[in-house]
Every structure is written in structure tokens, then in C-alpha cells.
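One chain is shown next in C-alpha cells, namely the form predicted alone.
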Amino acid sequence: MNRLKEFLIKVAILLILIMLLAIWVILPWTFAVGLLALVALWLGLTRMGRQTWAITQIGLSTLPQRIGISSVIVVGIAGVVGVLVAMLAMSEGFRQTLAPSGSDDNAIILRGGSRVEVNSVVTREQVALISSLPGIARDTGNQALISAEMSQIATFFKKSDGLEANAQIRGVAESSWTIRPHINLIAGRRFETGKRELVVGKGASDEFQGLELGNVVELSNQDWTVVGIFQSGNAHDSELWADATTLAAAYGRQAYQSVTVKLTGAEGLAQLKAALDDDPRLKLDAETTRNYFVKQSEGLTQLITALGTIIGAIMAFGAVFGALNTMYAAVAGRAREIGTLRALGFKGLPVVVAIMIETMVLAAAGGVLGAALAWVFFNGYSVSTLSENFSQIVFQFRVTPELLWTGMKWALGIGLIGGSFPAIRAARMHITEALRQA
């Protein structure tokens, strides 16, 4: 009967902890600061709080004597936080690279039902019709600001490992520079119309061999010269730009994959979509380039986030057991001390809170260590992955403050579970039993 009661008590504690963790996960950092302030006030202003602080000081002062076993908690949690933050930083970096690639001012037109450019076809006749549609901005010469574009995949060797990988060559019109003002030329010059010249994104130049300024590369058995390097800080950094007409001739292409247009304003997209729907010759879809690139990032971002969370959860499971064993051992080693304090009149609550504070301090140390390692080794680290257009997207890990706070929440959550059961056991320890164990 006693065993059943004990089992039910542990189940109840576990359910309460799960509920607290669920609340903890969704709370902002300001709540944690407020909670910390309330605990500090309780420790300083109440009799029971002062008893708790006295027990906490004793426990913390003995940490150097238990440095070996205590480091199990710190290192275990640091590993969890480091891996979790690194994985989430990769996801965040990919999202931050693709999302800013578009804007609400521009729209991309693809064949109806096409999700990406590589699956789309826009004929030259359709391009001519698009240029007369409403909703598209015009330049000072009353020319529609549109760029009919090709997407051609070419193979290059990566600098990092010498292996082959795909890069996207984007054939663009001269107006593309106006439509995308965030493309900054940082070296050389723009390509000239009718010439086999390339302007290379900085990410592609850093990622692939032979794409430095002035180099000549072979594409479709023809020599192309790299005449410029541009930087945009987004997915376009992974591309090579060329004159669309020249690129189409080189690869024998008769159609384009997409048309990017400058919208007239907030109502421009609606006008453009209505015009596309009204003309049966134009079985095309339009959306803002921001939405287009956000959709591109969603799949891989969600996959990496889910994978990182699963790996973090598995590691956290092990870290919880490490914390439990460590704190159970600490409680057992301090049985006489706890029994003496209880005999002197200390209540059970100060014992529970003191052990929880000690565990949370160790957990916080592990969280800080793991977050610091993730930031030092991964923030800004460049990698590339295959996009939905079957070309490499170069991006950097982004260890943001939000991710660091997420890592700390995981660390403190592990500390909460790992310290609760030993703390409750210490509080429920009978005085004579505790003194006898010593």
C-alpha cells in the first residue's frame, strides 16, 4: 500500500512538472526576470526565505568539494543546449537568408501551379503580354519594369571539399538591377548585353572554385568571363547573373522560367492577378517575391527545427537522468546536515527550495556554457544546402538572442525536473533516519 502511495505521489509530481514545463516553454524572458525578483524578495524578506538562503549557502559552498559529480549536470546540459542552439541557428540562418530575398514591392510570375522556377515555363509571347498589364510600375521612359528570367543549373567544384555541386545561373534583363535595388556590386562591373559575361554573388564566389573576378569559366562549351561580384545578403548571393538573351542562346532555350515585375503599389498585385485571370492566354500565377521566398524556406526550416528539437529532447532525457543521479547523491551525502537542520526547526519547504536553487544554478551554468559554445563556434559559420531549385544556397548559422534564451529555457527546464525529485526526497526524509544514515 505504501509503495502504491509512493508511486502515485511521484506520478502526481511528474504531471505537475510537465504542466510547469509547458507553461515555462511559452513564457517570455521578462517572466523569468520577474520570477527571479520574487524569489529574491522572498529569500530576503521572509523567515522561511532566510532559512532557505542559509541552506542554499551551505550547499553552494560545498560545490567545490563535489566538482566532479556536479560537472555531470553542467556538461550534460551544456551539450544539450549547444546542440539545440546550433541546430536552431542553422534553421534560423537559412530562413534569414531566403526570407529577405523578396519584397512586397515586387512580384514573381510563374506558370500556374508551379511552386519553383525550375518547374515553370513562361513563353516569349506571354512576356510581351505581361508588359502591358496593369499593376506593373513603369520607368521614366514608360517602359514596364519587368525582368523575364531564366534559371539554368551548372556544375562547379566546391572550394571546401572539391566535390561537385550545382549553382544557379540567373539570366536577367537590364531592368533587374532597378527592380532589385538591394543588389550591390562590390567588385568589377555589370555584364554587358549580348556578351558572355557573368556577375557572381559573393556567396557563390566564396563557395565555388574559379568564380573569382576576371576568371574565365566554361558553360555549355563556351567561355564566360566573371566581370563582377555582387552582394545582397540573401539567397541571390548564391547565384550567377548573366544577360538572359545571351544565356538562352548558349543553352538553346526558347522560353523563360519566371518574370519578376515591379508593382505600382499596395494595389498593384491585386490588379496584376486580376489581369492574369482575365486573359486565357496567360495561365500564370503571381505572388510577391517575399511570399515566394518565404515558402521556399518553410520546408527545410521546419525540418531542421524538428530534427534539432528531437535530438535536443533525446539528449535532454539523458541529461535529466544525469541531474537526478547527481542530486540524489548530493542529498544522500548531506543527509546528516539535512537531518540536523530539520532537528533545529528548519521546515521542509526551505530544504526543497534550497536544493532546487542549487540544481538551477548548475543548470544555468550548463546553459550559459552551451550557449556560449554554440555562439563561438557556429555564429556566422557558412554552409550550403540544396534548394528546391536543385542549386546550392549558401547561408550562415545565426545564433540570435531568441535562440540563446530558448537554450536557457531548456537548461532550466532540465534542472527543474532533475532537481525536483531529490529535493522532495530530502524534505520528506525523517529526521532520525537522516541522522542514522550519516
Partner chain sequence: MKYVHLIWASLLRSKTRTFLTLFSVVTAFLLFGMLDSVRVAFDAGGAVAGANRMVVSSRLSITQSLPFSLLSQIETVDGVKRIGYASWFGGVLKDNRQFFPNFAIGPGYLDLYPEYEMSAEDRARFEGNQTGAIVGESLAQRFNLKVGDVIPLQATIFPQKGSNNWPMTLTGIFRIKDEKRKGEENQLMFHWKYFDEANDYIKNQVGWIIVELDANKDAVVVGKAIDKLSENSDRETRTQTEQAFNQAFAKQFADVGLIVTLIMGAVFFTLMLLTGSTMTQAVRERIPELAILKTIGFSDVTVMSLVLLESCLIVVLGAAIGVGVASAMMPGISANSGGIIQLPSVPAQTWAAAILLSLLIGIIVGLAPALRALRLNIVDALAGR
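Nothing here was measured: the structure is a model prediction, and the numbers come from that model. Residue numbers count along the first chain shown, from 1.
Omitted here: the form predicted in complex with its partner chain. The next part is about that form.
S.K.: Tell me the stretch among 131-139, 318-326, 239-247, 270-278 that has any heavy atom within 4.5 angstroms of its partner chain in the predicted complex.
M.R.: Single hit among the candidates: 318-326.
S.K.: Would you classify G76 as touching its partner chain in the predicted complex, given a 4.5 Å non-hydrogen atom cut-off?
M.R.: Yes - in the predicted complex, heavy atoms of G76 and its partner chain come within 4.5 Å of each other.
S.K.: Report whether the minimum heavy atom distance between S384 and its partner chain in the predicted complex is within 4.5 Å.
M.R.: Within the cut-off, so yes.
S.K.: Residue-level contact is defined here as any heavy atom of the residue lying within 4.5 Å of its partner chain in the predicted complex; does Q152 satisfy this criterion?
M.R.: Within the cut-off, so yes.
S.K.: Looking in the predicted complex, any heavy atom of Y251 within 4.5 Å of its partner chain?
M.R.: Although its partner chain is absent here, Y251 would touch it in the predicted complex, with heavy atoms inside 4.5 Å.
S.K.: Here the chain is shown alone; which of I355, A286, A235, M90 has a heavy atom within 4.5 Å of its partner chain in the predicted complex?
M.R.: Selected option: M90.
S.K.: Considering non-hydrogen atoms and a 4.5 Å limit, which listed residue (Q231, S103, T264, S220) is close to its partner chain in the predicted complex?
M.R.: After the contact test, the surviving option is S220.
S.K.: Would you confirm whether the three residues V33, A99 and M408 all fall within 4.5 Å of its partner chain in the predicted complex, going by non-hydrogen atoms?
M.R.: No, none of V33, A99 and M408 comes within 4.5 Å of its partner chain in the predicted complex.
S.K.: Need the contact residues for 88-116: heavy atom within 4.5 Å of its partner chain in the predicted complex, sequence order, or none if there are none.
M.R.: Stretch hits, in order: M90, R111, G112, G113, S114, R115.
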